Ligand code: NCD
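Coming up is one lone chain in structure tokens, specifically the form predicted alone.
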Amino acid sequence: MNTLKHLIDISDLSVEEIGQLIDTANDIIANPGKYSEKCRGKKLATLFFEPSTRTRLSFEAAMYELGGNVLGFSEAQSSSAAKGESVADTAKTVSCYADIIAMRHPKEGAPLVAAQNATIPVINAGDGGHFHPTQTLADLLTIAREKGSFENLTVGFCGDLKFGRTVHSLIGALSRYSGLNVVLISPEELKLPSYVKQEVLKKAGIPYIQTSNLEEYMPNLDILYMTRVQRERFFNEEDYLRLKDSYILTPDKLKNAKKDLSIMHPLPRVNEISVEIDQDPRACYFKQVLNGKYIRMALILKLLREAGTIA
């Protein structure tokens, strides 16, 4: 029986484990030199069957800053998947070369299949519209550093709430803390799926509002989590073009916002946040990028320690 610890879904981590990862990430930020040789001689395999800039480079930067090495590929055509190799066989093969795997795949469940077949820890770096747990950890570290706590927050999620895996994962993670209020802001066609409302929000007794009006609820928000409308998740180009500019955050729309609002976005941004907002001290999306590197460093350390690969 494989008892290796993997990270496929944010719910694989307890609240205590999330707290420990945030503590480690904060210590890395404060004392980077202390961690610069922790993964010396260890290898991270980045198996990216789907394009990515931030997530892949973030994992690579994380491993290099821990003193380790990286091998892998950045598109399916560069791998034996192009020849028809299964995810299971890829995972078994790569386990012979590396100490830990970060996998992104367009098919939901592919990283879980990899974890069931690998003999080294597997981190889900995004599987279709399903899960993206390390983005959620980056989001949680950002919230912890900006707000000091996960409790008693009103969080607005705006844009594509239907296909946005980062939204689904973050709602799931925040639902475990007390005092959460959620505002779901989207066009009718991109509303949060009913299973997330039933299985997460209603089950945890979290009050939520569904609306298409961002400005109306702006004054209530502690955090505004913007998302892009994702062309790659649409079957119909006409639907994408009709919905892609549904919400564009401009300075004018922030005039009634709280002075300590935190504006977040998992990136990449297309045009849903005006570049003028980049200079606003409330903009946190590039902080999220940096925090993503630190929390991935903490996660790599945790999984390699639990696998007995490092001390």
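Computed from a prediction, not measured in an experiment: that's the story for all the values here. Numbers for residues come from their place in the sequence shown, where the first is 1.
Another form exists, predicted in complex with the ligand; not displayed. Remarks below refer to it.
Q: Given that the partner is absent here, state which listed stretch (25 to 33, 262 to 270, 276 to 284, 248 to 256) has heavy atoms within 4.5 Å of the ligand in the predicted bound form.
A: Result of the contact check: 262 to 270.
Q: Contact between residue 42 and the ligand in the predicted bound form at 4.5 Å, heavy atoms?
A: Residue 42: no contact with the ligand in the predicted bound form.
Q: Since only the chain is shown here, I'm wondering whether residue 38 would be in contact with the ligand in the predicted bound form (any heavy atom pair within 4.5 Å).
A: No - in the predicted bound form, heavy atoms of residue 38 and the ligand never come within 4.5 Å of each other.
Q: Is the gap between residue 186 and the ligand in the predicted bound form 4.5 Å or less for some heavy atom pair?
A: Close contact is absent here: in the predicted bound form, residue 186 is far from the ligand, nothing within 4.5 Å, heavy atoms only.
Q: Is residue 90 close enough to the ligand in the predicted bound form to count, meaning some heavy atom within 4.5 Å?
A: Heavy-atom contact with the ligand at 4.5 Å: absent for residue 90.
Q: Which listed residue (191, 147, 228, 176) meets the criterion of a heavy atom within 4.5 Å of the ligand in the predicted bound form?
A: Of the candidates 191, 147, 228, 176, 228 is the one lying within 4.5 Å of the ligand in the predicted bound form.
Q: Mind listing which residues of 38 to 62 have a heavy atom within 4.5 Å of the ligand in the predicted bound form?
A: Sequence-ordered list: 54, 55.
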